[in-house]
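Only one chain is included here, represented as structure tokens and corresponding to the form predicted alone.
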């Protein structure tokens, strides 16, 4: 499954490196992390990582394959 996670703010290189399995794009006012998610446990782990880093998730959605 491919997912997109949109977070508030433009993440620094240090923060984006906390998500080595995902690609990222900096947009105006937010950052989009995207990539292949293995299973639900992986997805929940990514969301927990966002929370532990103090990131505010604006949107999360599954992308077409």
Partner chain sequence: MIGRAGVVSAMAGFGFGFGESGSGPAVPCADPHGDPFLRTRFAVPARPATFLRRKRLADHLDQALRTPLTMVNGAAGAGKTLLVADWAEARDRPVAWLTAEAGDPRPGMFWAYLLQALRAAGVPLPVEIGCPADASRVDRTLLTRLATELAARDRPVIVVLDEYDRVSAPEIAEQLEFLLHHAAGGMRLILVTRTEPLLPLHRHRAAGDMTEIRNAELAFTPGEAAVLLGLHGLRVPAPAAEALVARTRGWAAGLRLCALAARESPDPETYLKRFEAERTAVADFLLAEVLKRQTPETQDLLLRVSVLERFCPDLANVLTERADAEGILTGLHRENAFVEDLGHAWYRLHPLFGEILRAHLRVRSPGLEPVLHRRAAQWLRRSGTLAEALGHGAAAGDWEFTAGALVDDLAIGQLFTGLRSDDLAELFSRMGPETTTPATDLVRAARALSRCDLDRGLTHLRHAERTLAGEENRAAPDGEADAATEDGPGPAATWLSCALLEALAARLTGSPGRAELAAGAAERLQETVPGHLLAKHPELTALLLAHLGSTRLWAGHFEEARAALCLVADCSGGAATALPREDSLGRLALIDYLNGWLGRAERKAMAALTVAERYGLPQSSGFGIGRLVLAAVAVDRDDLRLAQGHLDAAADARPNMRDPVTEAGRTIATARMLLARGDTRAALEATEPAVAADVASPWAAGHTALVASAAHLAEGRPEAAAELLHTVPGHQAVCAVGEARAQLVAGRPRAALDLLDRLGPESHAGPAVTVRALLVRAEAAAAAGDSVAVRRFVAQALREARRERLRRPFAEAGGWLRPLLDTAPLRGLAAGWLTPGPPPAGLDERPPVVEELSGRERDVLRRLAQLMSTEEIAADLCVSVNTVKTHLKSVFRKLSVNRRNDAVRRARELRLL
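Only a predicted model underlies this, so the values are computations on that prediction, with no experimental measurement involved. Numbering follows the first chain given and starts at 1.
Same protein, other form: the form predicted together with the partner chain, not shown, and the subject of what follows.
J.: Identify, from the list 53, 22, 57, 43, the residue with a heavy atom within 4.5 Å of the partner chain in the model of the complex.
T.: The residue from 53, 22, 57, 43 that makes the contact is 53.
J.: Is residue 4 one of the residues lying within 4.5 Å of the partner chain in the model of the complex, judged by heavy atom distances?
T.: No, no contact at 4.5 Å.
J.: Mind listing which residues of 5 to 34 have a heavy atom within 4.5 Å of the partner chain in the model of the complex?
T.: Heavy-atom contacts within 4.5 Å come from 8, 9, 10, 11, 12, 13, 14, 15, 17, 18, 28, 29.
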